[in-house]
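Only one chain is given next, in structure tokens, and it is the form predicted alone.
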Amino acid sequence: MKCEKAGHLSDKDQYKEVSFWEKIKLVSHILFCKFCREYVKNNKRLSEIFKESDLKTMTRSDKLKIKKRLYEEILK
């Protein structure tokens, strides 16, 4: 398996979207590939950080207000 495919499977694995055989292929690849093993480790760590953080997003209306204001400033 190519590393690009292993990376894709790792991403899918984060969301529990891999099949049993894909998981077997991924595990066997990362046993031998140091770079993909590091990628999987970092990918899991990043997912944990996002879960632990208390991120807030702007409402759609707030985004539209900012966009409108920026557009108005550009036209000045």
Partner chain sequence: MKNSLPSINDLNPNLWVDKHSDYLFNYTIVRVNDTEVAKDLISETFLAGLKSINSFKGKASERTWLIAILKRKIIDHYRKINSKKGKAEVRINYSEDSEIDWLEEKVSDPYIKNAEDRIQNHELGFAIFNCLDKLKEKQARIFKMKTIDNIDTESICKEFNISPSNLWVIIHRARKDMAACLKENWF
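Positions refer to the first chain, counted from 1. Note that the structure is a prediction, hence the values are computed from the model and not measured. The term rigid core refers to the most C-alpha atoms you can superpose between the two forms while keeping them within 1.5 Å.
What follows is about the form predicted in complex with its partner chain, which we do not show.
Contact annotation: Lys25 falls outside 4.5 Å of its partner chain in the predicted complex, judged by heavy atom distances. Looking at Phe20, you'd find every heavy atom of it more than 4.5 angstroms from its partner chain in the predicted complex.
By the criterion of a heavy atom within 4.5 Å, Arg69 is counted among the residues contacting its partner chain in the predicted complex. Its partner chain in the predicted complex comes within 4.5 Å of a heavy atom belonging to Ile49. Contacts between 23-45 and its partner chain, taken as any heavy atom within 4.5 Å in the predicted complex, involve Glu38, Tyr39, Asn42, Asn43, Arg45. After superposing the rigid core, the C-alpha of Glu17 moves by less than 2 Å between this form and the one not shown.
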